[in-house]
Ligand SMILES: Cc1cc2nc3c(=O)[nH]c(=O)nc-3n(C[C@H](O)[C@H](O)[C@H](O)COP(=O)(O)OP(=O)(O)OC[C@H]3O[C@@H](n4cnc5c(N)ncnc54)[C@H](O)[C@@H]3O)c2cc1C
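Okay, here we've got a single chain as structure tokens, the form predicted alone, with questions on binding and movement later.
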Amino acid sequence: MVDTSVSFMRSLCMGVIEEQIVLPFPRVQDEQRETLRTVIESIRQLLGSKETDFAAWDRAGEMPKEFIEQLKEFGLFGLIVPEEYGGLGFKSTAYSRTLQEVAKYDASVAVTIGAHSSIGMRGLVLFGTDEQKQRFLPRLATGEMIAAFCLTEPGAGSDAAAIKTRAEKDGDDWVLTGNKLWITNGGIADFFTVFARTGDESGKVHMTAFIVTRDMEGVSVGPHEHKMGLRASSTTTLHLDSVRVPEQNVLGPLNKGFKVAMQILNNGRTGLGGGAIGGMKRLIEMSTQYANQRQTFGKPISEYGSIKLKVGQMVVNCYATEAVVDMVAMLIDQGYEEYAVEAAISKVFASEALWQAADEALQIAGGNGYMCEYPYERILRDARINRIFEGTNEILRLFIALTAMNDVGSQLQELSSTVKGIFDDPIKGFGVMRQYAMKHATLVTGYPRAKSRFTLVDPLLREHAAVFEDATRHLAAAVDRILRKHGRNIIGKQLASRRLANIMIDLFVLACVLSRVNSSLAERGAEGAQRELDILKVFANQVQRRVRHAFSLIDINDDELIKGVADYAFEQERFVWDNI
């Protein structure tokens, strides 16, 4: 029986490899496979011939209403809506694969569908009452209502706790007043998941989620925002001027809006990840075709090592991204409760891998890549936002690292309190101390316990599993060392946290790649999975080098020097060393 309360990464930071969580590699459920294939084929028929249209809509900064109606007719707004409410009932794996297909053709279309399903109405699916679901889900499934997620404000982006939109109780209603910023689908949405400040009897300020509809008096949206990328998608402000919202529109527990928002974002991250995979697959297709056709010095540029390096890395990163996004989707589909760290890792890795692929694809195309008649520059502009929205990668790295250190810190705190009271409860005290001592001895000596090894992978993967196991021991020791070194001050040590987060990101993605190749070996044998074995070897070697370098910088680094240079620049507000 699998314990769905366990987190792979949170356990890993304690030196424990919970391999049953990531093995075997997930597959789309049989009951959804045929439906998914039908949907994907429909998407190809709908979007496959519209490349010229997508470019024109990007320049115009608008998607035609007629095209939005086509998306509705094809059922693309009902992907995650349960079947009893008229939707397709896709779970995370199938939903992610669908967004992947859409993103191959155009990111603005993908984000329009994704903002509706991944976050706009995700709170209703996760937290809605039966009455709320019956009232809204059928119309959301058909696209009669399009959804938007409203958290960000002019003064509250990554710091969600700083929101100023307030909700005050007045009789049986709540009165909402405030402004929301950069709302995807804002200009076409009729259903808004809005977060506002609420208080309790003690006067403490909390946050609560509300369902707000466009037809409520006092609701208005600003003009279409002109953006660097995703220009054809609708982005606006949302204004709430004393909007009366009935009590039955409170979404989720009162005063628990922060947890609601975080669960929505975590649960919906596979949509963004799927979109990144689709973008990368298209870029690989474009780059390989161009490199085979483009000749210099009498031969195709695909024969040059520097081009092979770019394309090969794009393939490795795409394979790894698909592995980690599918793994997170599986964790959600199987009912795991603790997947926030893993979901954050998938978002960071996917968004940065897509950005690298877009940059390298444009470079391969050379001057053509810089010209607007080709799609490279549009894809590059569209890809850039992924590292910013749904949680900036900087904030997510802090979350990843601080979650790990919080877990280890709690263990150290428990150990400290146990030592103090060891004679009051010697059995419990010695038990905790023995458990911690065994773990610490493993970290120091490198002698693996059963729980710090992979035992379910193919023997052909032992070398790569050993890379992971060795890094895991170093990770657990590093978390312990960083925490002892900085203590409570770790909150302000963002460069140390970033270093730790990068290690954790690499290790989780490596675990997912190991799992994926392991399943391929079981299905196709060593010969059939040879190229995947090559991908694993390349990725494992890269992870090993990056992780070793990061570990070497924990105690000896230039952090304070670089921060000092930055402080001087902040003081001067310019570069002072002009050479004339």
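What you see is a predicted model; the values in this text were computed from it and never measured. Counting begins at 1, following the sequence as shown.
Note that the form predicted together with this ligand isn't included here; everything after this is about it.
Peer 1: Heavy atom within 4.5 Å of this ligand in the predicted complex: which of 197, 139, 227, 381 fits that? Just give me the one.
Peer 2: By the 4.5 Å criterion, the partner-contacting residue is 227.
Peer 1: Just one of 168, 285, 394, 241 has a heavy atom within 4.5 angstroms of this ligand in the predicted complex, so which one?
Peer 2: Going through each option in turn, the one that passes is 394.
Peer 1: Picking from 146-154, 99-107, 124-132, 362-370, which part of the chain touches this ligand in the predicted complex when contact means heavy atoms within 4.5 Å?
Peer 2: Looking at the other structure, the answer is 146-154.
Peer 1: Answer with yes or no whether residue 119 is in contact with this ligand in the predicted complex, where contact means some heavy atom within 4.5 Å.
Peer 2: Yes, contact at 4.5 Å.
Peer 1: Is residue 388 part of the interface with this ligand in the predicted complex - any heavy atom within 4.5 Å?
Peer 2: Taking the distances in the predicted complex, the answer for residue 388 is yes, it comes within 4.5 Å of this ligand.
Peer 1: With the cut-off set at 4.5 Å between non-hydrogen atoms, does residue 494 touch this ligand in the predicted complex?
Peer 2: Residue 494: contacts this ligand in the predicted complex.
Peer 1: Against this ligand in the predicted complex, would residue 183 count as a contact residue? Criterion: heavy atoms within 4.5 Å.
Peer 2: Residue 183: contacts this ligand in the predicted complex.
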